[in-house]
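Presented as structure tokens, the chain that follows is alone, the form predicted on its own.
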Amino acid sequence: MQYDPLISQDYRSQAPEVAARFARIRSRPVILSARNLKRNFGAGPEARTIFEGVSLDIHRREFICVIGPSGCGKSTLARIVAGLDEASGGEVLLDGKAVSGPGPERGMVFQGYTLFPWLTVKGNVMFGREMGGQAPSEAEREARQWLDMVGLGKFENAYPHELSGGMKQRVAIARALANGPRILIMDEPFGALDAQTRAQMQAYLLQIWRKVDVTILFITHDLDEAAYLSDRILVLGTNPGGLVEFIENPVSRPRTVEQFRGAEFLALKRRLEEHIHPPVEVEEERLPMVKLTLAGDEVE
């Protein structure tokens, strides 16, 4: 039985093409399932619950973004799905099998640049294939295909220190995809990039995703990024965290910059803002009135 996500009808698009898109997504097999996930840090009276009761189903080739306030467990959730961390309760299933540790069926891209500095670009992409027992000649052939996919074929013999931040992350994506993962887990991969490079990387990622049979779980704190990239957006709460809402993105594909000013994008953005930055009454903090200037002009 599939988990029934919390979806606000007020933020669903009524456009027929969007409804048809989600009907197609729901008709695909479920790749990843989580059931009643819980994660505690510490033990005894000092134990702190990061999140609990997280259940979800993700379908094949779906693009899921995860957002939530700082400390809600977004990265922890990604690490549990990747098999790099253990849940305190519940389970994660990939193709119906319990996740109990890292595996090649799950690729991971981090925010930091995790390339091996002593290997060339091609060597970095070949690494996972060779570790899996593939012949060097075959690993090299496949590495070149993936580098062409991410537009870096001409840089195969360069070293990571010779690349820009965006190029390094494209190599990291190629390296993760070269192992043929069922799901690609991305933990704020563009968070360290400048605004222009970040926008370019978002566009590159969508182009790559359309060409590859892979499901994406993408952690982000950027609401515009979540609205631009996702099919659905998983919203986590805090203190302790949990699944607050699973929102179907009403913005039609393919996405364009012009849609950022559209009614559906703005309505979705307002909904996300309500979750992340709810209106609260905060008393203004009064600072000590100590004047350290004799200037005659007074600022507003």
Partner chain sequence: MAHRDWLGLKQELPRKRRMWLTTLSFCLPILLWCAVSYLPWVWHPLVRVTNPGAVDYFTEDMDVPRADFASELAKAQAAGQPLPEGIRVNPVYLPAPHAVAIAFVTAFQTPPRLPNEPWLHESLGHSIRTILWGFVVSSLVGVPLGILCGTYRFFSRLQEPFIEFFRYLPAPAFGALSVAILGIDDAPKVAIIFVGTFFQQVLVIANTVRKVDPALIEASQTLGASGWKLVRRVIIPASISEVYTDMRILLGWAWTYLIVAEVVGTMSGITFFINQQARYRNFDNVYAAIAMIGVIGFSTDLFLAWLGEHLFPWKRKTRPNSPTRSLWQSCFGGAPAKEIPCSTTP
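Numbering follows the first chain given and starts at 1. These figures come from a predicted structure and were not determined experimentally.
There is another form of the same protein, the form predicted together with its partner chain; it is not shown, and what comes next is about it.
Peer 1: Is every one of 102, 107 and 117 within 4.5 Å of its partner chain in the predicted complex, counting heavy atoms?
Peer 2: Yes: each residue has a heavy atom within 4.5 Å of the partner.
Peer 1: Heavy atom within 4.5 Å of its partner chain in the predicted complex: which of 191, 71, 166, 90?
Peer 2: Looking at 191, 71, 166, 90 one by one, just 166 meets the 4.5 Å heavy-atom criterion.
Peer 1: Please identify the residue among 176, 205, 216, 139 with any heavy atom within 4.5 Å of its partner chain in the predicted complex.
Peer 2: Exactly one listed residue reaches within 4.5 Å, namely 176.
Peer 1: Quick one: is residue 210 in contact with its partner chain in the predicted complex, heavy atoms, 4.5 Å cut-off?
Peer 2: Residue-level check for residue 210: no, no contact with its partner chain.
Peer 1: Any of the heavy atoms of residue 197 lying within 4.5 Å of its partner chain in the predicted complex?
Peer 2: Taking the distances in the predicted complex, the answer for residue 197 is yes, it comes within 4.5 Å of its partner chain.
Peer 1: With a 4.5 Å heavy atom cut-off, would you call residue 86 a contact of its partner chain in the predicted complex?
Peer 2: Answer no; every heavy atom of residue 86 is more than 4.5 Å from its partner chain in the predicted complex.
Peer 1: Hey, in the predicted complex, does residue 130 get a heavy atom within 4.5 angstroms of its partner chain?
Peer 2: Yes, residue 130 lies within 4.5 Å of its partner chain in the predicted complex.
Peer 1: Within 4.5 Å, heavy atoms only, one stretch in 226-234, 92-100, 78-86, 139-147 touches its partner chain in the predicted complex. Which?
Peer 2: Going by heavy atoms within 4.5 Å, the stretch is 78-86.
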